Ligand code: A2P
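Below sits a lone chain in structure tokens, taken as the form predicted alone.
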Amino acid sequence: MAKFMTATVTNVRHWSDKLFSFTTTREPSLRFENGQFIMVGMDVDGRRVVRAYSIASANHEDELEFYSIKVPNGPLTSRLKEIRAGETVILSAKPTGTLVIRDLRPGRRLFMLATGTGFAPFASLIRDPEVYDRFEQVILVRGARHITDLAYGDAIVAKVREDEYMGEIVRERLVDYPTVTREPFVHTGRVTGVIESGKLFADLGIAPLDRQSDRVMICGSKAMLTDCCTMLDGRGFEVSDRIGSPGDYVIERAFVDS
């Protein structure tokens, strides 16, 4: 049986009517790699309800942060969205996941492709010094339906760029490309669309994807994962098919939808 621990909520912020984030206390014994997830849950009507949540905070931080969608009538999020500071949640004691940089082959550029709350693990990874040690440039592509859905990611990117210790290297190496699909914005289109059309590369003034030097991390809805995998497979990229087996790209299959 999986082991769980209790954590106290320290802060909650609602970014829109659909999205919120919250932070909790962190047990000193909890260790994780940036990009991993744990199970988060609550006891509801006498039963334990848990879902996989990527850890949005970096592994060197004292608290844990999570980013969530509000699903109408969702078994967990319909309760979790009402939580307040001082209340408690249940966390699994053993983080896991396939969205880790150790399972990427060496490369020059790292593309991080996210939609919706799939941005959460990248909120952790862009704060990881090892990412910038391994890659010369990090291109973060954040897809959303509406501009308001980008608010959390905007705040995280701004925060890490101003970080006292990492800010300088992040400002030099991290390229942020938010794009929306349902209203006018500086960048519009689906994540796969802006890549396949060449719009992403034209807008940023960078070379197209190159399997020899580029590596990719992907997190989003099941449909987005399927589309991205099809696109990369068609270009000759090889997926890391299991933990500990390096590939040209990695995906995370755990995605909160309830």
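Heads up: residue numbers just count along the shown sequence, starting at 1. Remember, it's a predicted structure, so these values are computed and weren't measured experimentally.
In what follows, reference is made to the form predicted together with adenosine-2'-5'-diphosphate, a form of this protein that is not presented.
Fill in: Candidate spot R31, A58 and E61, all three touching adenosine-2'-5'-diphosphate in the model of the complex (heavy atom, 4.5 Å)
So, no: the whole triplet misses adenosine-2'-5'-diphosphate.
Discussion item. Check T115 for me: does it contact adenosine-2'-5'-diphosphate in the model of the complex (non-hydrogen atoms, 4.5 angstroms)?
Written reply: Result yes; T115 sits at the interface with adenosine-2'-5'-diphosphate in the model of the complex.
Worksheet item: Looking in the model of the complex, any heavy atom of K94 within 4.5 Å of adenosine-2'-5'-diphosphate?
Response: K94 lies outside the contact set for adenosine-2'-5'-diphosphate.
Worksheet entry | adenosine-2'-5'-diphosphate contact at D227 in the model of the complex, heavy atom, 4.5 Å | D227 belongs to the contact set for adenosine-2'-5'-diphosphate.
Worksheet item: Hey, in the model of the complex, does R105 get a heavy atom within 4.5 angstroms of adenosine-2'-5'-diphosphate?
Response: No, R105 sits far enough from adenosine-2'-5'-diphosphate in the model of the complex that none of its heavy atoms falls within 4.5 Å.
Discussion item. Based on heavy atom distances of 4.5 Å or less, which listed stretch (105-113, 86-94, 131-139, 144-152) is in contact with adenosine-2'-5'-diphosphate in the model of the complex?
Written reply: Heavy-atom contact with the partner occurs in 144-152.
Worksheet item: Which pick from K199, R211, R190, K70 sits with a heavy atom within 4.5 Å of adenosine-2'-5'-diphosphate in the model of the complex?
Response: If I apply the 4.5 Å criterion carefully, the residue I get is R190.
Practice prompt. Using the arrangement in the model of the complex, list in sequence order the residues of 17-38 with any heavy atom within 4.5 angstroms of adenosine-2'-5'-diphosphate.
Written response: Counting only heavy atoms within 4.5 Å of adenosine-2'-5'-diphosphate in the model of the complex, no residue of 17-38 makes contact.
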